[in-house]
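Given as structure tokens, the chain that follows is alone and in the form predicted alone.
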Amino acid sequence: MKLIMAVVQDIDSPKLVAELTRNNIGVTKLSSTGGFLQRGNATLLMGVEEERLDEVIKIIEKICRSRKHVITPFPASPGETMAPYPIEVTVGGATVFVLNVERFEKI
């Protein structure tokens, strides 16, 4: 048994949760916020048998694509200077953690 923790952009989470559910993969969604852009994310928790691990990863890869986004950075603290012009950053995709599960029970 594996625990998959996937941090995805809010914009991708509804479609991803629907696709996982369609494939009979139980998922729990937690709201979270990213550190760099301070944008909304979703952290999805899934407990799956090891045989289904690659299937779940492929579903995540299919739906959670990286995209370019233009931001105007602000100084982190008073007195700091930063470029006053917009910069392009890559957002989206997914950060996926796979952990071994010692015990799993549905009660």
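When you see a residue number, it is the position in the sequence shown, counting from 1. None of these values were measured; they are calculated from a predicted model.
Here the subject shifts to the form predicted in complex with a further copy of the same chain, a form of this protein not shown in this document.
A.B. asks: Consider Arg65 of the chain shown here, and say whether it contacts a further copy of the same chain in the predicted complex, taking contact as heavy atoms within 4.5 Å.
C.D. replies: Although a further copy of the same chain is absent here, Arg65 would touch it in the predicted complex, with heavy atoms inside 4.5 Å.
A.B. asks: Is there any non-hydrogen atom of Val96 lying within 4.5 Å of a further copy of the same chain in the predicted complex?
C.D. replies: The answer is yes: Val96 has a heavy atom within 4.5 Å of a further copy of the same chain.
A.B. asks: Whether Glu49 contacts a further copy of the same chain in the predicted complex should be assessed with a 4.5 Å heavy atom distance threshold; does it?
C.D. replies: Because no heavy atom of Glu49 falls inside 4.5 Å of a further copy of the same chain in the predicted complex, the answer is no.
A.B. asks: Should Val17 be counted as a contact of a further copy of the same chain in the predicted complex, where contact means heavy atoms within 4.5 Å?
C.D. replies: Contact with a further copy of the same chain, yes.
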